[in-house]
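Next up: a single chain in structure tokens, the form predicted alone.
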């Protein structure tokens, strides 16, 4: 049994930021456990730029962004164990892990930060008819083939789903000489950032077909084509709109799933919308001393926001270890009328910090207002030119406002179109 003050599960941007923040707050014995052979997480294969605009005030590639945090980590006494798989987190916050150097590890930690990231939704989660021919893969897998392995996965490409990874791979494949025929999106709006729609599709004349899906794949050994069709208001394919598109590659960018198997096994309560643990303003879960941050908590569109949230979790973990974290009566949060979810899901009434409520809307709104209410009274309201599901929003609630709310209050956030 090895004793640490803090164990961080995951060495991507979330885990590194949380560990560094806890170290800054005076926590000395910290270990970061990463199942890959290197730190950095998914950023290692994201060689495009656009990272760091908010946090560093400059445009960096994924490896550059990760590299800055890796360097900061190397300048501390934080213990890093890569190629290490965490198997279990016990009720007393004992972390069980395994690697080929130490064998089976038992780590007794005063606090644990969960930062396992997320994974892509695979083909098996979709109802697409057809055989299992080569050439059908997730956009992230294709990104690894091209950027890490130097392997071209195909030459005539159709992309299903307009999430940011899919949009970025549309541009990447085009730059590598492939013909990206179209990006199909089931919903009537794109799931990606506006800047990616412009820079990755419009700048390369790649069509974005909204309210369109792939209903069948063709080809046995290798994909030879797909059948696409428009969908109705109930998202059901309209048979008379079916169209055959020849291609040798189908890339799927149909959503990300927080990697929460460890969280489930630890008995944490998960939010049914985010699929991440329910947390308070310092990202502490309902299990004392266990915190969550980054894409394992909620899927972010910007790594800068991952860093910001993870620093909150690192600070919360440090406060918990030092016995300074407030735990008392809580106020709930709830998204209604167009707001799909709120993170955090609860706030301590006696909190010592102003709290940002992060949320996503469920449709595209123009010239709408975000209204925050508690007990029938409006706390704040702000006008937005545009709200869309692909971009995370937040509102800031002052700690004085929170302290003055009655016990068992619920803060609601809604869209007023």
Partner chain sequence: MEKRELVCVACPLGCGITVTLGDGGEVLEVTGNTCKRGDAYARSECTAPTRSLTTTVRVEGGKAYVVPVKSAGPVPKGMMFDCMKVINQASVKAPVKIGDVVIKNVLGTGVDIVATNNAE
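Residue numbers count along the first chain shown, from 1. Because the structure is predicted, anything quoted here is derived from the model rather than measured.
Omitted from view is the form predicted together with its partner chain, to which the following refers.
- Only one of 325, 172, 278, 300 comes within 4.5 Å of its partner chain in the predicted bound form through a heavy atom, and that residue is 172.
- A single residue from the set 265, 236, 101, 194 has any heavy atom within 4.5 angstroms of its partner chain in the predicted bound form; that residue is 194.
- The candidate site formed by 36, 75 and 259 is entirely out of contact with its partner chain in the predicted bound form, as no residue has a non-hydrogen atom within 4.5 angstroms of it.
- The closest non-hydrogen atom of residue 244 lies beyond 4.5 Å of its partner chain in the predicted bound form.
- Residue 385 belongs to the set of residues with a heavy atom inside 4.5 Å of its partner chain in the predicted bound form.
- With a 4.5 Å cutoff on heavy atoms, residue 59 counts as touching its partner chain in the predicted bound form.
- When contacts are judged by a 4.5 Å heavy atom cut-off, residue 199 counts as touching its partner chain in the predicted bound form.
- Only one of 25-33, 61-69, 370-378, 356-364 lies within 4.5 Å of its partner chain in the predicted bound form by heavy atoms, and it is 61-69.
- Applying a 4.5 Å heavy atom cutoff to its partner chain in the predicted bound form picks out no residue from 279-299.
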